[in-house]
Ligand code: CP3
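First, one chain by itself: the form predicted on its own, in structure tokens.
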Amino acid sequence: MSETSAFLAACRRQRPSHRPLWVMRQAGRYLPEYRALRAKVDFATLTRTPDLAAEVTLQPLRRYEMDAAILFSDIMTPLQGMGVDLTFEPGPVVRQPIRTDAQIDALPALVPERDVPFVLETVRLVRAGAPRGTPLIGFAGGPFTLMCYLVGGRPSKEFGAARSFLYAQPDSAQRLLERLGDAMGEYLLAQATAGAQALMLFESWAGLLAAREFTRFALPAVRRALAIARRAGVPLIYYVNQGAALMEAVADLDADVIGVDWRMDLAEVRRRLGPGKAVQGNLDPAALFAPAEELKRQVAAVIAAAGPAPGHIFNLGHGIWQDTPPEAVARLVDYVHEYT
């Protein structure tokens, strides 16, 4: 079933049986069954224990008829596998920020089978247990996003330390980004080898960059990661948050799908990207708090903006909010599938 799924068909710009839908962060904290499990286990243990991580991945598939599953993990997990000392408080905090050439050179290459075997086992468990043959998306953090945490040391709204690092030490920044690009490429490839049927690179913070700096620094590392992941032969998705100014820069990227946040009209996105890319998005997560009829109008507006051409995967423009009512997600799934 998965090979002819609506989600995989849309990734390949084929015409699916219906408009496919999944939700970023659909496996997680808005679900009462997740919170019940999380009350017994800390977050790091949850991500590193395959049967528990698989259970969380599968929870939304049992509740809703999502067209894809997204692996429950964290973008920082492979960095821990590379020996980076970090904790979650609740966001990732790197104990010794990486800001020197010596620290960059000391970062080992990632060997996924050795360094994050529990992630690959989670992939295998999900593939074995996914209801309705629902395809599984593996993922990694974008190189610049990971650099923001490694250089800055902790979450931030502006990541001033990382952005100034690009200007103050451009050669060092490029070396770090290249190393992260190669590591995330190998990480994605290993997830596909374990059974993931699509791969997604989340660039949460590259939208902080102007197009010139994005093209100079972030984009080459993304190309490195995707070139390695492309060897898996599965669809590749690239999501850049706050990326309205970057659409032309990613138009020729070797990704099958470009994920779009809610700030930009999908018709305009498709015009800028051209016919060679599928798009994913882009309902505002806040719209899930609207009354039922208003939510239905918002869904219709997104679908209308995406247009009738093949290659649209319905999603939120960013991760689902923690306090989102689960019944609103049920309405969303129903509206998208009914409408299309």
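Start at 1 with the first residue shown and count on from there. Keep in mind that what you see is a predicted model, and the values were worked out from it rather than measured.
The form predicted in complex with this ligand exists for this protein as well; it is not shown, and the discussion that follows is about that form.
**Q** Quick one: of D115, E186, D74, D261, which gets a non-hydrogen atom within 4.5 angstroms of this ligand in the model of the complex?
**A** Among D115, E186, D74, D261, a heavy atom within 4.5 Å of this ligand in the model of the complex occurs only for D74.
**Q** Looking at R297, R38, R271, R63, which has any heavy atom no more than 4.5 Å from this ligand in the model of the complex?
**A** So the residue touching this ligand in the model of the complex, by this definition, is R38.
**Q** Even though this ligand is not shown here, does it sit in the model of the complex so that A206, R212 and A249 each have a heavy atom within 4.5 Å?
**A** No.
**Q** Can you check whether P235 is within 4.5 Å of this ligand in the model of the complex, heavy atom basis?
**A** Looking in the model of the complex, residue contacts with this ligand do not include P235, since no heavy atom lies within 4.5 Å.
**Q** Find out whether any non-hydrogen atom of P92 is located within 4.5 angstroms of this ligand in the model of the complex, and reply yes or no.
**A** Taking the distances in the model of the complex, the answer for P92 is yes, it comes within 4.5 Å of this ligand.
**Q** Do R25 and this ligand come within 4.5 Å of each other in the model of the complex, heavy atoms counted?
**A** Yes, R25 lies within 4.5 Å of this ligand in the model of the complex.
**Q** May I ask you to check whether H318 falls inside a 4.5 Å heavy atom distance of this ligand in the model of the complex?
**A** Yes, H318 lies within 4.5 Å of this ligand in the model of the complex.
**Q** Just to confirm the contact call: exactly one of 197 to 205, 102 to 110, 224 to 232, 120 to 128 touches this ligand in the model of the complex at a 4.5 Å heavy atom cutoff, so which is it?
**A** Among the candidates, contact is made by 197 to 205.
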